[in-house]
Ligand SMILES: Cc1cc2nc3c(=O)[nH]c(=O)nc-3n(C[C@H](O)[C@H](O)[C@H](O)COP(=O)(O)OP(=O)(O)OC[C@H]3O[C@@H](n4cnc5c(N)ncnc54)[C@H](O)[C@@H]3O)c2cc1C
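Form predicted alone, single chain, as structure tokens, below.
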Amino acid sequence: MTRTVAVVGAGAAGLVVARELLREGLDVAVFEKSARTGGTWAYNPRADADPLGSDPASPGAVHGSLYASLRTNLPRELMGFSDFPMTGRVFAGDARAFPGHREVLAFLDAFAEESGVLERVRLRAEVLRVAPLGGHGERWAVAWRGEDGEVAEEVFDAVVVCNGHWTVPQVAKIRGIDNWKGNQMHSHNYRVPEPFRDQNVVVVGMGASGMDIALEISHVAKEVHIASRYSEDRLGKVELHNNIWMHREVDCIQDDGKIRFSEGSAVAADIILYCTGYYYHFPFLDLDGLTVDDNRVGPLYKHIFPPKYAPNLSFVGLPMKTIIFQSVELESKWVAAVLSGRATLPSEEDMMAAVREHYRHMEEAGRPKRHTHVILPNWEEHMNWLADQVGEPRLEAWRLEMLEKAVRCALSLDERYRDRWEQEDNSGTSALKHSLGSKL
């Protein structure tokens, strides 16, 4: 009898998981609460009524966090799937090396259609509850609400969670924030720069999107002050821009309402824009033995399988700061191989031992708990390990070099790096030229 699998979410991870499950001969149902596939890549010009997005369960809460001008921070060569590349094809008229979000969405639409996954997707089907039947999840009850408002429950042999993690804003706690009289917003609700015209803005956080947004705002704002704990080597005025300053993290809001940074400077500002990331959030999971603590989802073996419920519960797409589309494809191949019986997992005890070892290594390296699923700087080791599990080729040297260069460029504060990319020699090595041939 064919095993049945519920996939929660029809973004990039959910689509590629479904494709791999179908390839292994499993019966798949994909639940997507919105009206289309694409997940976070489906742009929504509407923002939450609450600029901090503090209640993701509120009526009318917005799922997407894209801003209008968003472009990928990885080039096309690193954005596709192994047998469905973005390179060499144009999906929505945007042939740039770093395409905009509409091109990526069109790519995912084409992938869903051509892979046969689209017909397995139930749109406007919101998963309300996922619960194990039996102590270790031998089978799973999935309750979901359809477009008509009716709630149904079905039983599946396995569940793969792919609901993304770019929806529930994480807002930094600032000492003295009660003294703050200005506005606050999380980048989840940022769409266009115009509301920041002639404003003094403090941007908290220096991730890739935070840098992009700060640079875009600088064209209309009076001043932009970027606060980050990782800015020690470039404090002060930014040479490339006439109205951007770098600071250490925010220390507090002073009694006079100014924002003081930990290096000692203070500025008056009109708005604080938090580009401080997102929480992992699984409101539909109803089970014991899995927690989200300081953004550590655990325990999870290799970020995917909770030992207690493996292999019939898994998570795809949790790792961050890696070659994300290739990563979710490898994760998906492994999950599908395990569920079909073509691959096996270690015992529950051995998986738990591996999880504890991972946590121990993090502590020894001084890495905070919230970085549990941050793969950098071990992306090569992690992706090669996944590839080995399913007999896929290991990460080519040119991909690693291209990824490392893209990360450096994204943090350079040069807002034209994406367009300069195509005019420069990005080969790095002759191996890169040989691997890509005429694709570059």
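Given the structure is predicted, the values throughout are model-derived calculations rather than measurements. Throughout, we count residues from 1 along the sequence that is shown. For the two forms, the rigid core is made up of the largest set of C-alpha atoms that agree within 1.5 Å on superposition.
Missing here is the form predicted together with the ligand; even so, the following discussion is about that form.
Contact check for Asn163: a non-hydrogen atom falls within 4.5 Å of the ligand in the model of the complex.
Heavy atoms of Ala13 reach within 4.5 Å of the ligand in the model of the complex, making it an interface residue. With a 4.5 Å cutoff on heavy atoms, Val5 does not count as touching the ligand in the model of the complex; it lies far away.
The ligand in the model of the complex comes within 4.5 Å of no heavy atom belonging to Val204. Remark: of stretches 299 to 307, 150 to 158, 119 to 127, 168 to 176, the one touching the ligand in the model of the complex is 119 to 127 (heavy atom within 4.5 Å). Contact check at 4.5 Å (heavy atoms) against the ligand in the model of the complex: all three of Glu32, Met79 and Ile324 pass. This chain appears without its partner; in the model of the complex, the one residue of Asn189, Ser228, Asn73, Ser115 with a heavy atom within 4.5 Å of the ligand is Asn73.
Only one of the listed residues (Phe111, Phe261, Trp140, Phe284) places a non-hydrogen atom within 4.5 angstroms of the ligand in the model of the complex, and that residue is Phe284. Using a 4.5 Å cut-off on any heavy atom, the residues of 49 to 71 that reach the ligand in the model of the complex are, in sequence order, His63, Ser65, Leu66, Tyr67, Leu70. For Gly60, the Cα coordinates differ by 2 angstroms or more between this form and the one not shown after the core has been superposed.
One change in the model of the complex concerns Arg145 and Pro59, whose Cα atoms lie at least 3 Å farther apart than in this form.
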